[in-house]
Ligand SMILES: Cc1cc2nc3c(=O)[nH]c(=O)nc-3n(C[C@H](O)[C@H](O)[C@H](O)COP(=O)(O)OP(=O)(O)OC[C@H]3O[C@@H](n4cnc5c(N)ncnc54)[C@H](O)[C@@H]3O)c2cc1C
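Heads up, the chain below is alone and in the form predicted alone; it's given as structure tokens.
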């Protein structure tokens, strides 16, 4: 057993959400420990894999206010000027333009590894952040005024303590399991196939969301004539689709999307992820808070998952800093309840919004089919409704944390 170490804050999970929280507090006087099980820059580390992340406008502003945006070497990214939404084989469609809401862009698409590298550099360069990686959590003990976590690193065990423990360790949260927090999960019976393709025609900074009975298909603009692909399909078909050669897969993708971007060319590596809606019964306890996928998962339609987690980060960091300034205990239940109250409405709204889209657009009943297509036309024609829709998808609805408003903590 290695000597104990005391911190102010322990973050379990050094992926995109956990690392973002650490970086948001990098200039504070807090002593922060980050515990991550998977080595950084390894192929198994989600922060450095081949996926892309679609950052909403508010997320870009959070990262910019944190000082990270300017430090990212974005060579494969692209801003989103327009979102084109359609219902395959039917008359309804809607086009959302950044100018409709007075924005420079609706969001930005970057490789996950680019954001992960910037966050890792931010943590590594911060004097108040200690990283334990690869390290696993062996046990957690909660006290009235602190929490103790026993971790295993390089074959040695050590106990670290803090006033607050943050679980940012993903949908299969170890902390959530060890504390005994229950959750509800509903599998969508869909699996997302993620890859990237070259297109014959320029994407012109347009993101496409095409709904089909089998699940939504999104094409997101990247550098030059290249797009990221997130294609949801029935779970029982995905193994077969992944086994197809490139030509067969591209032909199926072309058939599903159409020829709006011309002929599809070179394709990248294909990976898959099962899709589920997860709702946690309790996101806080005294000395503990769950954020990101440890607290909630949503369908990737409309690209809300990481953006929801980043707003968790911005709100929690704000509450911690405000409590510290007021000489309050930021791990106390009243502070965490204020955080939970602020986040509840946004989390529920996004969960219902994404789940509702999947339910509505996967239903083949004729009255509902006509209604949803008419609704798309209404969104396309009425500026007020369009602006409201953009504010929701861009993370600008409701009360925004300081970082999302461009204000430092």
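Residue numbers count along the first chain shown, from 1. Not measured: the values here are computed from a predicted model.
Note that the form predicted together with the ligand isn't included here; everything after this is about it.
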Does any part of residue 192 reach within 4.5 Å of the ligand in the predicted complex? Heavy atoms only, please.
yes
Is residue 293 close enough to touch the ligand in the predicted complex, meaning at least one heavy atom pair within 4.5 Å?
yes
Do residue 14 and the ligand come within 4.5 Å of each other in the predicted complex, heavy atoms counted?
yes
Mark residue 120 yes when one of its heavy atoms lies within 4.5 Å of a heavy atom of the ligand in the predicted complex, and no otherwise.
no
The ligand in the predicted complex: within 4.5 Å of a heavy atom of each of 35, 168 and 174?
yes
Options 350-358, 380-388, 366-374, 52-60; stretch whose heavy atom lies within 4.5 Å of the ligand in the predicted complex
52-60
Please identify the residue among 107, 221, 216, 303 with any heavy atom within 4.5 Å of the ligand in the predicted complex.
303
Just one of 335, 98, 137, 131 has a heavy atom within 4.5 angstroms of the ligand in the predicted complex, so which one?
137
